[in-house]
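In structure tokens, one chain follows: the form predicted alone.
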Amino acid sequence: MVYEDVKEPIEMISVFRQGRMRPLKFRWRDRVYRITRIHGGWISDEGYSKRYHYSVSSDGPDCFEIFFDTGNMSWELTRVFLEG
């Protein structure tokens, strides 16, 4: 598996349920990816804001690392893990 650092903003659709955030689908480079699996999540501090990180998969074999930044209320695609 090979990874590529991306660090680009994305558009995200997510739900907030019982005090938790769950990403559902995102748009990156004019393509929509439906999240089929969340592999894990963690929180990091960035100054006064928090970042909610997720490792997710879409319909294909590739995995994505994304995060939500509470400081500027935005989503970012950090890294893509490419199969093969």
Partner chain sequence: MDAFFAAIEQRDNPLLRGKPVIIGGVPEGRGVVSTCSYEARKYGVHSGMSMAKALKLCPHVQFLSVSGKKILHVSRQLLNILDQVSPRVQPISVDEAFVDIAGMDLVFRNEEELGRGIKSEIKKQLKLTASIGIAPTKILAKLASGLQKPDGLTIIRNDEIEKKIYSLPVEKLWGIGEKTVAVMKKLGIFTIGDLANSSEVRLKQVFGIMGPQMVKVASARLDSPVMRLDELPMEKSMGHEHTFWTDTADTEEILSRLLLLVQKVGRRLRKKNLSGRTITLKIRYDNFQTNTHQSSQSIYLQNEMAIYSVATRLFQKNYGAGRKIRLIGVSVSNLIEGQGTGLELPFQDELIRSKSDSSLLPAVDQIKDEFGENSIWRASVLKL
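Positions refer to the first chain, counted from 1. Just so you know, these numbers come straight off a predicted model, no measurement behind them.
Not pictured, yet referred to below: the form predicted in complex with the partner chain.
Residue contact with the partner chain in the model of the complex: R31 places no heavy atom within 4.5 Å of it.
Heavy atoms of P61 reach within 4.5 Å of the partner chain in the model of the complex, making it an interface residue. In the model of the complex, the partner chain sits within 4.5 Å of a heavy atom belonging to S44. Looking at E8, you'd find every heavy atom of it more than 4.5 angstroms from the partner chain in the model of the complex. At a distance of at most 4.5 angstroms from the partner chain in the model of the complex, all three residues S55, R79 and L82 contribute at least one non-hydrogen atom.
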